[in-house]
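Form predicted on its own, single chain, as structure tokens, below.
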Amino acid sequence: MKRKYAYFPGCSAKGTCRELDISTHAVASLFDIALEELENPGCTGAREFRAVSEQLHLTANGRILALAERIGCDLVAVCDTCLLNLTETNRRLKTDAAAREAVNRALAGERLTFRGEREVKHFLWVLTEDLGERALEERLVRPLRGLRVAPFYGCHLQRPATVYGGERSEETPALDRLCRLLGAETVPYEGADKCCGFHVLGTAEEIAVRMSGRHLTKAKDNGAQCIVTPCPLCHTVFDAYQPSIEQEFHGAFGVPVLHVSQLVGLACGLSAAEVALSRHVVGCDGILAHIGVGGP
């Protein structure tokens, strides 16, 4: 049975991390998942909209949610920060009648209405919860045996508890479970659920580089061959800024950084080209050689 979702890629997956959008669609096709992309959805505003105006934050995100409701499906995001904004707004507007009415007044000109009928999910949760472990196991073509993967959640996928509640607090987090299901070995290290530094890049790049560099150092020191992250913002810092990290820390890292959909795609038989690995700054040849895949 085809599963259908409204799809919000966000800015990064359509810009600096286009490989995320490409690989997400490729993996979705493997599992007969239909992702209907929202038309002209705008931006969730990172965390900046909220800093400027709470009403702006609620309206921008409420509009995206209303577009998904018009399609009639739950909404799927692939960015941790977008997920947080949308989940936060969804819960707020469902429970706060005054806020909901204010947003709907603003949306009336587009004939949009937020009704609170749908949920927001990360593509990671679509794979691990909606699709389920059995479906993933049945589709494995090349298990990632012996590949030492360091999951990096970042700070917006699991926190704050006031938004996600206790439902994401399972003993083994989803990304760890997914990596092990695919046959990889997960590498524990300090900082896997901390901030990558992306949100200070624009004002203090050196601080962002040091933050991400500390996480990268600990992952590599613990034996990681690669990092996998569910967030394109974290991916950008670890991958695109890895040359700057190497300069700051006076050494070579050479640690590839994969999106969740790329890791799943490789394990399920997709080629390096189909998950767009050639777009990465840090080459993935070592990973491909380990699992027996030809290069991009």
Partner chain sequence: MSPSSRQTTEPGTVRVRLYRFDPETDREPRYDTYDVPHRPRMRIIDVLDHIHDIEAVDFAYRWFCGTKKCGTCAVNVNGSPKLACWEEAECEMTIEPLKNLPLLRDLVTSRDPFEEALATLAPMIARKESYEGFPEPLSAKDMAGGDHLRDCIQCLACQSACPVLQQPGSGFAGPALLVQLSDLAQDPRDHADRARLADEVAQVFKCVSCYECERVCPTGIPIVSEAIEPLKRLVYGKGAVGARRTRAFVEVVKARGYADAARIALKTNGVSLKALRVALRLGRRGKLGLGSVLGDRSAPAAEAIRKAYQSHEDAE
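Numbering follows the first chain given and starts at 1. What you are looking at is a predicted structure, and each value in this text was computed from that prediction instead of being measured.
Unshown form predicted together with its partner chain; subsequent notes refer to it.
The stretch among 54-62, 29-37, 267-275, 223-231 whose residues place heavy atoms within 4.5 Å of its partner chain in the predicted bound form is 54-62. Contact with its partner chain in the predicted bound form, defined as a heavy atom within 4.5 Å, is made by all three of R50, K194 and R214.
Mapping the unseen interface onto this chain, R210 counts among the residues with a heavy atom inside 4.5 Å of its partner chain in the predicted bound form. In the predicted bound form, its partner chain sits within 4.5 Å of a heavy atom of A204. Its partner chain in the predicted bound form comes within 4.5 Å of no heavy atom belonging to G254.
Contact check for G286: no non-hydrogen atom falls within 4.5 Å of its partner chain in the predicted bound form. A heavy atom within 4.5 Å of its partner chain in the predicted bound form is found for exactly one of R91, R148, R118, H199: H199. Of all the residues from 232-263, those having a non-hydrogen atom no more than 4.5 Å from its partner chain in the predicted bound form are H235, D239, A240, Y241, P243, S244.
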